[in-house]
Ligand code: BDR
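Next up is one chain by itself, shown in structure tokens, the form predicted alone.
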């Protein structure tokens, strides 16, 4: 376990795997959830905000939720993937947003800047959707990276095939311009991409055990949403038919934050293709000794880390151990 509680802002577009990551973070004793900022992606941003409010309500946690960007910086927005997450983002959960809580009056970008600058050098950002809110925060506060303790991004891929094109991962593809701005901003950034998220499968069976142990609306809602999500994955990946489940994706950003020792990383400059067939591709310079003719790979460009290997069973054990503990009020 990490030493002391880690203050975190969670930037998210919930989303089933986002919901799993959020419940894990709320359950883990070493995470201090300072706030949730929402962005378009798996759903439209008003739905993402409603989902964040609903999930924190079900968990009986009074966490600030600030609504953020509803569209990419430059490219035309793409419709949310309702066939993956459901039209509501939570597998057609059929629950409504609790009327007792409203979103923070600040925009997500303002919330990020205010929260980080109030505790300089302490706050970590965990971003698991399109990176528009972070890019907007950089516009407001260009030196923000010098005040952030760390940033962990679930998105991108170095070697693993993409999931919206042969080379692009969905979060980066949804706003490549914002992503490239974030990757080149110079903060202590780690990319947790498909190279590792496709190595960790969370099973429906595990979440059934969690729901049975708690018998609580929060874990019931998670199980419902996750079954919908797993049904989609079973149509795409044959090995998930006999043992239904899905890739961990967003969860692994929090796993890295807590246990970087579970991961093998490489360092290098990461850039994003902005246009064409490769739009949204995350390209990592893995040969720093090269002097490329192509501009954009100069030696003084900020470097990031990319996760390239993961201890899958350690992550799954931590997930189950965390969710099975008595963290929910009766």
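Every value quoted in this text rests on a predicted model; they were computed, and no experiment measured them. Positions refer to the first chain, counted from 1.
FYI, the form predicted in complex with the ligand isn't displayed, but the following is about it.
- Residue in contact with the ligand in the predicted complex (any heavy atom within 4.5 Å), chosen from 189, 116, 194, 135: 194.
- Taking a 4.5 Å heavy atom cutoff to the ligand in the predicted complex, the contact residue among 128, 218, 225, 182 is 128.
- Contact with the ligand in the predicted complex, defined as any heavy atom within 4.5 Å, is confined among 135-143, 238-246, 166-174, 255-263 to 166-174.
- Residue contact with the ligand in the predicted complex: residue 282 places no heavy atom within 4.5 Å of it.
- Although the partner is absent here, residue 42 sits close enough that one of its heavy atoms falls within 4.5 Å of the ligand in the predicted complex.
- Among residues of the shown chain, residue 90 is not one whose heavy atoms approach the ligand to within 4.5 Å in the predicted complex.
- Interface residue remark: residue 154 is counted as part of the site for the ligand in the predicted complex, having a heavy atom within 4.5 Å.
- Shown without its partner, the chain has 17, 18, 42 in segment 17-56 as residues with a non-hydrogen atom within 4.5 angstroms of the ligand in the predicted complex.
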